[in-house]
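A single chain, nothing else alongside it, follows as structure tokens in the form predicted on its own.
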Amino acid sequence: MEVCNSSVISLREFGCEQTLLSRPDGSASFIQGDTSVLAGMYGPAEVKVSKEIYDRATLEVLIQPKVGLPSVRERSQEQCVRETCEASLLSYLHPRSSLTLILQVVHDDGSLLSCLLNAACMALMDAGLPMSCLFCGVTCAINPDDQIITDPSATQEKECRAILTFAIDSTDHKVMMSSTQGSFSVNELQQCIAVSQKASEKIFQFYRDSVQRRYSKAL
């Protein structure tokens, strides 16, 4: 699939810092433009009998909004993040145990779900959990002029007729999860997937650069 000329692959500036918190087994903050998320990973730990799964770990994802209590929106985002993490984690290596991922929204200026996915991946890496692949989140928006915008801000999202977020894996750049809102054609969906796969290369390169800088300082 070729990237359509009407789409511009431009991503806002990224920022990431790992091992921010002392209590979680892994933690990370991820910033995309003015959107910021803090993630904490706990486990493997003892699991309640009611939630125990005999052949793999039980993963629980909790998203805390900046203000107020979690709503239906947060519950939907939790499901998207959980399904993506479960697809990449080698949870069968930790049967009958509990994994808890807590994501705190610091500021939301658009493309929040993709920022949540990126923060989650960096927290899993920091916790040292075994994974079959890394993943990243990319949000695309289709404006009234039928142009595809990557990593839109909150203002751009309000003006667009469709918002699509994809989780892309690092090995084959395949779609692991998708969340869509609005109206779009099949052709536009395929174009958004192609744009997201192309944009994911920049995010995975940022992952590599971030981890390399961290461990070069440690050495």
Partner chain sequence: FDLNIKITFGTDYGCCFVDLGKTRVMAQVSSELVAPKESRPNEGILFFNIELSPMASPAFEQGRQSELSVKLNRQLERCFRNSKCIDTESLCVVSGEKVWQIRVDVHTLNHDGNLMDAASIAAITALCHFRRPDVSIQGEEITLYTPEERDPIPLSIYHMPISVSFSFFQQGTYLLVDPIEREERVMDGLLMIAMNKHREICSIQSSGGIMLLKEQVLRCSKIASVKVSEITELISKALENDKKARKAGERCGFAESMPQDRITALKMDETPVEMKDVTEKAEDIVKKSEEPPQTYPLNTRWQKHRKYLYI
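What you are looking at is a predicted structure, and each value in this text was computed from that prediction instead of being measured. Numbering follows the first chain given and starts at 1.
Although it is not shown, the form predicted together with its partner chain is what the next lines describe.
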message: I'd like to know if residue 174 sits close to its partner chain in the predicted bound form, meaning any non-hydrogen atom pair within 4.5 angstroms.
response: no
message: Can you work out whether residue 182 and its partner chain are in contact in the predicted bound form, taking contact to mean some heavy atom pair no more than 4.5 Å apart?
response: no
message: Test of understanding: in the predicted bound form, would residue 66 fall inside 4.5 Å of its partner chain by heavy atoms?
response: yes
query: Is there a heavy atom of residue 178 no more than 4.5 Å from a heavy atom of its partner chain in the predicted bound form?
result: no
task: Consider the chain as shown here, without its partner, and state which of 106, 87, 80, 125 has a heavy atom within 4.5 Å of its partner chain in the predicted bound form.
output: 106
Members of 154-189 lying within 4.5 angstroms of its partner chain, judged by heavy atom, in the predicted bound form: 186, 187
